[in-house]
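Let's start with one chain on its own, the form predicted on its own, as structure tokens.
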């Protein structure tokens, strides 16, 4: 027996290999990123893998591959599905030939996201099957089955793990990767793939006609199960079902929803056998709404009557509390553990030597009264430096900035966006700002990689997902090609150059672009690039604290003097800031 202790995302990727995947694309986004990372680094199965420039592009690539008859996967986090929503909704009409699985990883509690949306809603909206695993092991078996289900029903299948599935570990029993390979062959079928109104009306009817059989299939094959054990029942799905199963007593019936759509007749038959039902699920009341529609005289408890929250993730303790409040006796309870007093806060910080910090410092010096829209990336942590006023979604820094600039607001607008985010959805915003004559400064923080999600390559890096050399795009050329009249490039570590470029931008009208370039300090270190660290001369240090206020975690303050720790990456910016000249190179490289 081959039992391995594996991360949820690794298990999901392994299941794809066992299911004989032929094509994988995606865009990095926590908590989904490790799936493509696992697939692109493994050597057991040869197939096509790419990191795409955004989720829409990734989706359309994988969809087209499935149209040719091969098995394809597209991965993204839940908010990425918004970007891919246009092809998602219509792909349900066109259907697929090869198995096509859409992995959309949800993030209850917004551990690393800007919202808590529920991807099950998209599946119901699009009328495509959705698989919702309750454990890491179940994620393995469901993903293995997902491709065959897609081929059987001729539709994309949405696979919806949550953070607790993606980033938990479990013992699993993986199988060997499949050895079968398919070669794509596109067969022309305009009535299926050209969605003009005449074809769409027919395709929509066919999609609707598929729904009852799909719902029945999920019951017949054990994805949705029910056991009657008493006059009260709990119905649950996703990771919450695992918690509920731990706490439910033997005389309470239990139904587990692992797949959608739910068979309405099956659900009604179960619900009507009980006096009271408690529905336990994270985020949206998807199951609860179906239960309330099915119930005739049964009393239904859940989110909609206040026993469970609409927001955040659940835990065994939260489920036990909900059971108690609804009149169900959990088999165990969890004491409230107050946080330990006196422990200092540990907020996320920009790394020691991160070039973004110097850029924000220079921006604050030059644009003292500026407005600072920002974007999704490591640099969102600039909020701790007072340099991020807005963040809403990928690419929105430029568009929000141009909207503010056109509103009549007189203060200067300076937005920040990373290289990967700029290539994701920032280019259109820059084009629009130039076209419509916005007066604003765009600072592109170019660290040559998609850093926040795990250092995945992008078109600016120079290699593909599988390590094949690829000509890096010129961000400056892109900016000039959309009409930006002034584009300047400067090193993020060149504090003097940064401030000069920012001052020049401040003095000009129109759209100004500054590309602040410095490779990610972590990626550089992994490549063996190291700079000599800096030290503080205590005889010269006046204890003014300016270097500490800079915010670098490598700089501490002891006995009235600054001290640079072993975290130093040798960026030299603190030496430029020090008014006494007390910081200089020193120590071992």
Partner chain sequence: MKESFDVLIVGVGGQGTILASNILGEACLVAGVSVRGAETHGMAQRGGSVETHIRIGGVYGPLISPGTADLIISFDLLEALRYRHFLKTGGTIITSDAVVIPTSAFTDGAEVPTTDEIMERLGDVSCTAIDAAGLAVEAGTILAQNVVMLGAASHALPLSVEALREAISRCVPPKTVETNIRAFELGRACLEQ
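Please read these numbers as outputs of a predicted model, since none were measured by experiment. Positions refer to the first chain, counted from 1.
Not pictured, yet referred to below: the form predicted together with its partner chain.
Q: Can you check 239-247, 436-444, 177-185, 283-291 and let me know which stretch has heavy atoms within 4.5 Å of its partner chain in the predicted complex?
A: Selected stretch: 239-247.
Q: In the predicted complex, does each residue in the set 517, 581 and 586 place a non-hydrogen atom within 4.5 angstroms of its partner chain?
A: Heavy-atom distance to its partner chain in the predicted complex: none of the three under 4.5 Å.
Q: Please identify the residue among 303, 448, 364, 167 with any heavy atom within 4.5 Å of its partner chain in the predicted complex.
A: Only one option qualifies, and that one is 167.
Q: Find the only residue in 198, 368, 205, 332 having a heavy atom within 4.5 Å of its partner chain in the predicted complex.
A: Checked against the cut-off, the match is 332.
Q: Can you check whether residue 351 is within 4.5 Å of its partner chain in the predicted complex, heavy atom basis?
A: Answer yes; at least one heavy atom of residue 351 falls within 4.5 Å of its partner chain in the predicted complex.
Q: Though only this chain appears here, would residue 553 touch its partner chain in the predicted complex if you measure heavy atom gaps against 4.5 Å?
A: Looking in the predicted complex, residue contacts with its partner chain include residue 553, since a heavy atom lies within 4.5 Å.
Q: Can you check whether residue 477 is within 4.5 Å of its partner chain in the predicted complex, heavy atom basis?
A: Contact with its partner chain, no.
Q: Is residue 530 close enough to its partner chain in the predicted complex to count, meaning some heavy atom within 4.5 Å?
A: It does not: once its partner chain is placed as it appears in the predicted complex, residue 530 has no heavy atom within 4.5 Å of it.
Q: Just to make sure I understand: among 374-392, which residues lie within 4.5 Å of its partner chain in the predicted complex, judging by heavy atoms?
A: Heavy-atom contacts within 4.5 Å come from 377, 378, 381.
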